[in-house]
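The chain below stands alone, shown as structure tokens; this is the form predicted on its own.
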Amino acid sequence: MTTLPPLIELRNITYSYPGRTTPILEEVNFSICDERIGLIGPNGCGKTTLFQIIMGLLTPDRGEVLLEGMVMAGEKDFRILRRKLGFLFQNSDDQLFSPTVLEDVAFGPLNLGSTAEEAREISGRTLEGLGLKGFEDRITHRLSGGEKKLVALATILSMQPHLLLLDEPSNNLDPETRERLIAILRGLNQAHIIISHDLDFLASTCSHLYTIDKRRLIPCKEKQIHSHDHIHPYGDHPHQHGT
């Protein structure tokens, strides 16, 4: 029986910020096929940097990024990779740049070769799936923060990626939009990696948890993801439950 290679694999990734001698990430090894993974860790530990390396936006000092077993050797290869991955930025304003919602959501399909009619159909279907039917002609910069987050998600879902990289997707959302986003993510078929400090959000959307500790990416123990109200990043350590 032939075993398919992981969708994304990182081999011995080491990265240092320019001008610094100590790496932010060191000898990171990781792979994902169809899992739903949460990634936690303190600010500045390298979580977003890891996403940028996967997307080819940063070049590691050492190590390799592989897509379905193929080493990404340069920008040409990473352009292929980006067609299969969807990257949701922390700040939606960094992702939305067109005058209207429809133009933003249709941008990806058009770049992938869809006709204008096909892109409009795909965009409408994607928006409807996110509960945004009727938003097509809305002015993007006038949307609320939660609406922008959902439209930004629509811009990557319209390209039908195999893997979602979501950087703090629940950040600054009101409770209603947060619950709506949880329901959306649980209903999607795509694998995902979610960076978040919202541990309950990760518990609701992920089955595996990783953290970055001492520059390494390490899996957390299964018992650290609870099925009731919350998760703990270091479940063996003493902790208190807030009231």
Ligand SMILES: Nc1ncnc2c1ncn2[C@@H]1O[C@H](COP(=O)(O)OP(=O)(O)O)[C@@H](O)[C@H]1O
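Owing to the predicted nature of the structure, the values given are computational and were not obtained by experimental measurement. Start at 1 with the first residue shown and count on from there.
Keep in mind that the form predicted together with the named molecule is missing from the display, and what follows is about it.
Q: Exactly one of Thr48, Ser196, Thr177, Thr211 has a non-hydrogen atom within 4.5 Å of the named molecule in the model of the complex; which residue is it?
A: Only one option qualifies, and that one is Thr48.
Q: With the named molecule left out here, work out from 199-207, 184-192, 213-221, 39-47 which stretch has heavy atoms within 4.5 Å of it in the model of the complex.
A: It is 39-47 that comes within 4.5 Å of the partner.
Q: Out of 18-42, which residues reach within 4.5 Å of the named molecule in the model of the complex, heavy atoms considered?
A: Those in contact are Arg20, Ile24, Pro42.
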